[in-house]
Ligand SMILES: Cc1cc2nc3c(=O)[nH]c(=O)nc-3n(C[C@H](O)[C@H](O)[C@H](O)COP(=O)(O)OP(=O)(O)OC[C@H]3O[C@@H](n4cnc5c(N)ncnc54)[C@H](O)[C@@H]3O)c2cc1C
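Starting off, we have a lone chain in the form predicted alone, written out as structure tokens.
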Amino acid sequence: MPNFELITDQDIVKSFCTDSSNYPGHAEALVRPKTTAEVVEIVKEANSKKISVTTIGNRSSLTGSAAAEGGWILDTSLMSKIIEINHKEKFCISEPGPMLADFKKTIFEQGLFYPPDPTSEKECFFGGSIATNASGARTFKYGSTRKYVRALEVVLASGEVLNIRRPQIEKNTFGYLPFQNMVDIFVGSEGTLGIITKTEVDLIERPIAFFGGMAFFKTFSECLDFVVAVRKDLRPQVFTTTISPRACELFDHHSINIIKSDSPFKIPENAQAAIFFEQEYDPNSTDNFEKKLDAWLSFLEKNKALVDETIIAEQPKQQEELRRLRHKVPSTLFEEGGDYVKNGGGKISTDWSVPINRIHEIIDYAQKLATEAKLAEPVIYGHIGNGHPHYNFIAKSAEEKKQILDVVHKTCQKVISMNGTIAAEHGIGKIKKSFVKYQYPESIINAMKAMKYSLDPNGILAPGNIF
């Protein structure tokens, strides 16, 4: 008889069956472990009976990855301890269950900084961000979650507990490259290879100060030119200014209209696009606020921004308002799309990314496809500094959804031809499985499947995700 509680009341279980994508999940039972030992027991029991186990955090996924397809749901919310914050060596060890925003706040209050900042940080668990290799606006400077993961404790489908650490050696030729650093195999694996029960992450010194800003442009094309110029300017061999943004986020004219009515800042009527940015500075050095601001205003003027209309947020309340406006765009679209789910429609968002020098080309191509298909204009916003804008369509019916997906598939095939990726941020989950064939040849897909089933021969972990 197992020592863990198996919750089978469907009124309870159903409330844990889907995620923010509205993917229709279902399960027979829910388990809520408090320790790694309990996870081991649960997995051993499930594996012996060939019962699937879908591990969930706070279910903020937009890809259906946290929506169970039968079996048991393993809820990590009771594994919420931050085990250690080491100031001297700048690392933190934590269980998967803390809300990411709370996790970051705890570290920040102790004078350190954990940079990854997915848009859903107030709704997602720390562990979920590891399992999906989450990223966000500040990825432009700091990189995605993977960069900060030092070590993992992972429970395999057999119940074996792996303790793996990123190598610190400078040279290694032992075996295939991915296996020389096993941490990277599990980060972003979406629960398909093992259940992450503890994570050790790198921390950095807390930035002394920063200001936020929003710059406006008369045309969308000029806004894209600006982003290309920012990336070019940041290359050391052509470094010409002192701008060094940690975020570079796009708003098209539809996005601007979404935030306009709720903005405490004045938004120019003739703006067709905008860039949200953040800039760190040291108030105690020559590289202070005034110098950084002057550099930004000069760069904006040089690159055709509406300089006099630029919003600068120096105080924390203003900065938070700018961040809120940035987050208002996806939340508004999500609510709007939700109104059409019952009709077979909903919000359809792309997650592709291309090299920044191809950004004009791919956006023109995507726009042409949408126009030819007579679709309503998408809302375009997001991580443009990384060549990663989100296209958001609202399908009002199943037929319209089919037309939109046809355009998205054609766009993604073009993205691959440009050496881009179809999933830059949100992973594959269950919703994007049909795109995998564009990203990888069949032989490589089969190799990934072989690794999955060597670690999980009964296929019990997160069935339906990725494959």
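Here the structure is a predicted model, which means the values were calculated and not measured. Residue positions are given as counts along the sequence shown, with the first one as 1.
Another form exists, predicted together with the named molecule; not displayed. Remarks below refer to it.
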(request) Would you mind picking the one in A273, I384, I73, I196 that has a heavy atom within 4.5 Å of the named molecule in the model of the complex? (result) I196
(request) Would you kindly say which of Q279, T119, N392, S94 lies with a heavy atom within 4.5 Å of the named molecule in the model of the complex? (result) T119
(message) Each of S61, H327 and P330 within 4.5 Å of the named molecule in the model of the complex, by any heavy atom, yes or no?
(response) yes
(request) Tell me, please, which stretch of 286-294, 188-196, 207-215, 108-116 lies within 4.5 angstroms of the named molecule in the model of the complex when heavy atoms are compared? (result) 188-196
(message) Taking the named molecule as it sits in the model of the complex, is V201 near enough to touch it, meaning that at least one heavy atom pair lies within 4.5 angstroms?
(response) no
(request) Evaluate K432 for contact with the named molecule in the model of the complex, applying a 4.5 angstroms cut-off between non-hydrogen atoms, and reply yes or no. (result) no
(message) Can you tell me if G337 lies within 4.5 angstroms of the named molecule in the model of the complex, counting non-hydrogen atoms only?
(response) no
(message) Does any part of I56 reach within 4.5 Å of the named molecule in the model of the complex? Heavy atoms only, please.
(response) yes
(message) Using a 4.5 Å heavy atom cutoff, which residues in 123-157 contact the named molecule in the model of the complex? It's fine if the answer is none.
(response) E123, C124, F125, G127, G128, S129, A131, T132, A134, S135, G136
